[in-house]
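What follows is a single chain, given as structure tokens, in the form predicted on its own.
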Amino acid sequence: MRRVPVRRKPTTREASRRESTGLRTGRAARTGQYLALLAYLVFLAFPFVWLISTAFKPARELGSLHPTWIPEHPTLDNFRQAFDEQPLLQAAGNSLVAAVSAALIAVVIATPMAYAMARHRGRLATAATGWVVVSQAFPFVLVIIPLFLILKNLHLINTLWGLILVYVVWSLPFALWMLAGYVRAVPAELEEAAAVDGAGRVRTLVSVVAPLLAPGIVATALFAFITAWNEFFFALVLLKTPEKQTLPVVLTHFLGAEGVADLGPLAAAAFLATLPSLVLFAFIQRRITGGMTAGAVKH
């Protein structure tokens, strides 16, 4: 007859040793995670810290062979020179018009489309979702030539409306993805109750779903705004005259013909151009994460 091995119950000393080993392993793993996170944060923060430091340094410190992190004699001369040399306010106004218009139009178009994607199951909705994901992998250079020809035929080259149209098309897939997640988080029972009261699809969307989507709509609009505000490639190709150029394009004017940068004014202008994106992203970063994961929660 085969004997079944009996597992020996560990003694108190052995159990204490195993618990101590497990605690040390867990503590070492957490320490490694914190160190990796700290290294990543330092890597991300380095360009911005260097930018701020450079923006406030006088010319003598910028040319020093022994650069310092903190300016010894901070100055605002770089900011004055940047505004004197380039039309930063006009460029910022163009960027503001393009970014705000693109964000508003993208949200108005994306809200009903995201509702349809989230609520209607089927092959068409699955194909649309897949296309939205795949379109995010398209590089800019792949679409710029067809876009240029289309805008040329529409007489929209070198116009802010042409640039706004491109920004709307480019930000629409991710806006759809975000808003669809928010729509899935809205209980379907509310729409069924509205249907029982006689509300149609459009009234249900406007009166019931849209108010609940308000945080997601605001987050999506701010994301589209940041995307358009920071965009450079399309603006460089589609806008030719200096009066129409946006802020990222004007920043390149601080580079000389031989590639020599006017470092102080460039850093000052880049610092001012970065502030709106940082403020808005600090405001919406939690809502963006919530929108991307909301669809994974089943109510």
Partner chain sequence: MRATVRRAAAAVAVLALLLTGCSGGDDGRDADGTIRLRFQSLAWQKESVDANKQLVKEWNVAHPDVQVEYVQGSWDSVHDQLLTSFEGGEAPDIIHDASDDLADFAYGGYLADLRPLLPERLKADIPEQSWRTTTFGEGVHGVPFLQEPRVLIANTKLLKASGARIPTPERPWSWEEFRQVTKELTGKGRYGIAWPLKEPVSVTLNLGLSGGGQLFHRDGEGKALLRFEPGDGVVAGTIHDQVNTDNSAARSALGMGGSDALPGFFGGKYAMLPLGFSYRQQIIQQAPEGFEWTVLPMPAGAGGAVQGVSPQTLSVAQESPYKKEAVAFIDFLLRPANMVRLARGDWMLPTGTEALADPSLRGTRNGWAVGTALAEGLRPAPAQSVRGYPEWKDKVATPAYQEFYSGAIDTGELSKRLVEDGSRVLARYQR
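If you superpose the two forms and keep the largest set of C-alpha atoms that fall within 1.5 Å, you have the rigid core. Residue numbers count along the first chain shown, from 1. None of these values were measured; they are calculated from a predicted model.
Beyond what is shown, the protein has a form predicted in complex with the partner chain; the following relates to that form.
- Within 4.5 Å of any heavy atom of the partner chain in the predicted complex lies no heavy atom of Glu191.
- Contact check for Ala45: no non-hydrogen atom falls within 4.5 Å of the partner chain in the predicted complex.
- Put simply, Gly26 is far from the partner chain in the predicted complex: not one heavy atom of it is within 4.5 Å.
- Of the heavy atoms in Arg30, none are within 4.5 Å of the partner chain in the predicted complex.
- The stretch in contact with the partner chain in the predicted complex, judged by heavy atoms within 4.5 Å, is 81 to 89, chosen from 81 to 89, 109 to 117, 94 to 102, 205 to 213.
- Screening Ile145, Val133, Val196, Ala127 for any heavy atom within 4.5 Å of the partner chain in the predicted complex leaves a single hit, Ile145.
- By the 4.5 Å heavy atom rule, the three marked residues Ala59, Gly256 and Val260 all count as contacting the partner chain in the predicted complex.
- Residues Phe232, Phe233, Leu236, Val237, Lys240, Thr241, Pro242, Gln245 are the members of 214 to 245 with a non-hydrogen atom no more than 4.5 angstroms from the partner chain in the predicted complex.
- Residue displacement note: Trp50 has its CA displaced by at least 2 Å between this form and the one not shown (rigid core superposed).
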